[in-house]
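Read the single chain below, which is given as structure tokens and is the form predicted on its own.
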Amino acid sequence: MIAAIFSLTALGLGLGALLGIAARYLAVQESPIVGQVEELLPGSQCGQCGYPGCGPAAAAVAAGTAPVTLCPPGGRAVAEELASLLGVSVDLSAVTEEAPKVAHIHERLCIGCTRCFKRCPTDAIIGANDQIHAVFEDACTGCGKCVDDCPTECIELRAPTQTLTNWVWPVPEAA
């Protein structure tokens, strides 16, 4: 019994040391600008920019193959910060500021086909096959992919429901 414990401990320590050495010498060096660009992006992984997530979008922006205005949820603020970080000029006339939106499913029209459920990148849609679906608003990024895939057009994007966790004090108007 003691021999088995010592042999497994020695094997674990030896393989752990080999993994540590491999991680040090086989590490892939990434440009630090990609990490800085990814920190500026919202991190919602919604795919509205055309990339599967914020990581590939950050790599494309850092490489110069994508414009700094590619992130719709980020809007003007993210585009300006990306332009200042990368040292490029940006035309913000095409960037529109939109209020945050979340998906809403009309229960009377939902047939439970699960197309929206499978398409949602953040698993914000709750339901099962042949059952009515609902949207978990806290997880919804408002990407609209579920709206495009719904065969009965029972999903719409609307303003999120006001709760104590997302309510913001309105800015006073100038007199």
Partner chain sequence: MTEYLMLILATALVNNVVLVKFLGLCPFMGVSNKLDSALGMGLATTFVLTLAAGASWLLQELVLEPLNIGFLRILTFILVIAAVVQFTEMVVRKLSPTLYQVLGIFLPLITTNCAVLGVALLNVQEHHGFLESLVYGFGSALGFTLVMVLFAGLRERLALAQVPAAFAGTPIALVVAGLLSLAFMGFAGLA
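Numbering follows the first chain given and starts at 1. It should be emphasised that the depicted structure is a prediction, and the values quoted were computed from it without experimental measurement. Rigid core: the largest C-alpha set superposing within 1.5 Å between the two forms.
Absent from the display: the form predicted together with the partner chain. The rest refers to it.
**Student:** If you check in the model of the complex, is residue 109 within 4.5 Å of the partner chain, heavy atoms only?
**Tutor:** Looking in the model of the complex, residue contacts with the partner chain do not include residue 109, since no heavy atom lies within 4.5 Å.
**Student:** Please check if residue 27 has a heavy atom lying within 4.5 Å of any heavy atom of the partner chain in the model of the complex.
**Tutor:** Yes, residue 27 is a contact residue.
**Student:** May I ask you to check whether residue 17 falls inside a 4.5 Å heavy atom distance of the partner chain in the model of the complex?
**Tutor:** Residue 17 lies outside the contact set for the partner chain.
**Student:** Can any non-hydrogen atom of residue 151 be found within 4.5 angstroms of the partner chain in the model of the complex?
**Tutor:** Taking the distances in the model of the complex, the answer for residue 151 is no, it never comes within 4.5 Å of the partner chain.
**Student:** Just to make sure I understand: among 1-21, which residues lie within 4.5 Å of the partner chain in the model of the complex, judging by heavy atoms?
**Tutor:** 3, 4, 7, 8, 11, 12, 15, 19 sit within 4.5 Å of the partner.
**Student:** Would you say residue 109 moves between the shown form and the other one, meaning its CA shifts by 2 Å or more once the core is fitted?
**Tutor:** False for residue 109: its C-alpha shift is below 2 Å.
**Student:** Once the core is superposed between the shown form and the other one, does residue 24 show a C-alpha displacement of at least 2 Å?
**Tutor:** Yes, residue 24 moves 2 Å or more.
**Student:** Would the C-alpha of residue 10 be classed as shifted by 2 Å or more between the shown form and the other one after rigid-core alignment?
**Tutor:** After core superposition, the displacement of the residue 10 C-alpha between the shown form and the other one reaches the 2 Å mark, so yes.
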